[in-house]
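Next comes just one chain, in structure tokens: the form predicted on its own.
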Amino acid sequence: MSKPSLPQGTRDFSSETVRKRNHIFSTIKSVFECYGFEPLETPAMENLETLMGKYGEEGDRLIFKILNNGLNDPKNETKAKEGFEKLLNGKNSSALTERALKYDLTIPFARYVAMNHGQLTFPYKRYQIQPVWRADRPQKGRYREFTQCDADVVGSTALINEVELSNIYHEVFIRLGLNKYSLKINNRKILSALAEKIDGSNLLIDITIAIDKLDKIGIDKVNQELMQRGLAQNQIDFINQYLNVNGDNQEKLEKIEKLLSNNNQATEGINELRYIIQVANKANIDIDFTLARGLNYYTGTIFEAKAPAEIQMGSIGGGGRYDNLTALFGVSNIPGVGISFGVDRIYDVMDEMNLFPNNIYSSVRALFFNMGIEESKFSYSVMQTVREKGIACELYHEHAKLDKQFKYADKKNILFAVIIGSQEMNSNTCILKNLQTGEQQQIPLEELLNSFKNNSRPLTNPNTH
């Protein structure tokens, strides 16, 4: 029998990890709702035709396809063989697969809006916190199953939405302690203007896909890829001028205005960026013209949130405007803009920087010791009264030596021990011990609740014990 294992790129989450993740989720959720966003959930799988062709050539290759049921039926054997042959030749076959695990939350959201636009109130602001799947090569900060937290606004072209989303990023990261994050923004209209300037409008996707790899492969290999995608040397030279624009935000805008002068799309994109940095002036916004986000559906502002520079993690969020997205599903004239948080990467960054609060490592506040059959019955009754007041506690499962019960409480990082022996039963009292400070006192049972409430010392990280 083989040893139990996990699929590559997936993980189990211990109670400590779940609590840390929930801290991130609850922080993001509270900010989303503060800005007026409503929750939504969509299925884990979508029809394959819903997803394919929406993420560019590289994204399409990373979609997890689900085999149809009944392929082992002899009646379907011929169709299944034909389907596998098509798949080997890079083609899809409905005889083999009609569904796939969702690659992100944006396309399923666009599908939902297209199906329900008659019942929605626009602008419609939704947030979504769910797992997604990508057949990627697992590495640090990159998993095959991971959770995204998205916020989107559809039914509005107002730039105040981009400002709001910038401020949501800022508020979430500040609350999580990631004060040195950076929010990079660009505009696809500027990238379109770049393509126009070099007479390569038909090569826009090729240009953005290559530029999007700049951080990973460097300028020389980007230039090689541009050449492989059919660009001439003079076109590549102009793109290099574009990529070398530097300075502070104002200087960058002035330089790009000169480089892409007399182009309406460039003017629109520059003005939009200028408005965002002026109104969302508290966010750590850095205009970055090398930001491309090589997805087909972006049409305006694009975002990428970066971890603090001292942590080698890269992107921890991204998004942008996608004014034509629902048109993919036959519903036009519903503009949209959205952002996503990379929770798994945010978790890794916070863990490395030791940013998780100390009071999230245990939900159990008190352990009632088991001092015998009659004593445990009495203690259980007292414990239930305490639970009714919303204080988490538990009774040790069996009568055991005190040392064993203390060790159990210590391993679970429980703050209080409540000991009720025969003498305490007779006097209607208990021994309450603070397991962090070692302070111990005998108190009347009616004062037990107040003792819990009055002692709000934070729990320490069990990893520091």
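This one's a predicted model, so the numbers in the text were calculated from it and none came from an experiment. Take the two forms, superpose them, and find the largest set of C-alpha atoms that agree within 1.5 Å; that set is the rigid core. Note that residue numbering follows the sequence shown and begins at 1.
Separately, the form predicted together with the RNA exists; it is not shown, and the next lines address it.
Peer 1: Looking at the RNA in the predicted complex, is some heavy atom of each of Q139, R293 and K401 within 4.5 Å of it?
Peer 2: Yes, all three are in contact.
Peer 1: Using a 4.5 Å heavy atom cut-off, which residue among Q423, S30, N47, T42 comes into contact with the RNA in the predicted complex?
Peer 2: That would be Q423.
Peer 1: Would you kindly say which of S156, N249, Q148, S376 lies with a heavy atom within 4.5 Å of the RNA in the predicted complex?
Peer 2: Checking each option against the RNA in the predicted complex, the one that comes within 4.5 Å is Q148.
Peer 1: Thinking of the RNA in the predicted complex, which stretch from 116 to 124, 213 to 221, 257 to 265, 385 to 393 has heavy atoms inside 4.5 Å of it?
Peer 2: Contact criterion met by 213 to 221 only.
Peer 1: Evaluate R365 for contact with the RNA in the predicted complex, applying a 4.5 angstroms cut-off between non-hydrogen atoms, and reply yes or no.
Peer 2: R365 lies outside the contact set for the RNA.
Peer 1: Is the gap between Y143 and the RNA in the predicted complex 4.5 Å or less for some heavy atom pair?
Peer 2: Output for Y143 is yes: heavy atoms within 4.5 Å of the RNA.
Peer 1: Does any part of H397 reach within 4.5 Å of the RNA in the predicted complex? Heavy atoms only, please.
Peer 2: H397 lies outside the contact set for the RNA.
Peer 1: Does the RNA get within 4.5 angstroms of any non-hydrogen atom of G317 in the predicted complex?
Peer 2: Taking the distances in the predicted complex, the answer for G317 is yes, it comes within 4.5 Å of the RNA.
Peer 1: Only counting heavy atoms and a 4.5 Å limit, does any residue of 394 to 420 reach the RNA in the predicted complex, and if so which ones?
Peer 2: If the 4.5 Å heavy-atom criterion is applied to the RNA in the predicted complex, 394 to 420 yields K401, L402, D403, K404, F406, K407, D410, K411, I419.
Peer 1: How about K180 - superposed on the rigid core, does its CA move between the shown form and the other one by 2 Å or more?
Peer 2: The answer is no; the displacement is under 2 Å.
Peer 1: For D212, state whether the C-alpha moves by 2 Å or more between the shown form and the other one after rigid core superposition.
Peer 2: Yes: D212 shifts by at least 2 Å between the shown form and the other one.
Peer 1: Under a superposition restricted to the rigid core, does T42 display a Cα displacement of 2 angstroms or more between the shown form and the other one?
Peer 2: Superposed on the core, T42 moves its C-alpha less than 2 Å between the shown form and the other one.
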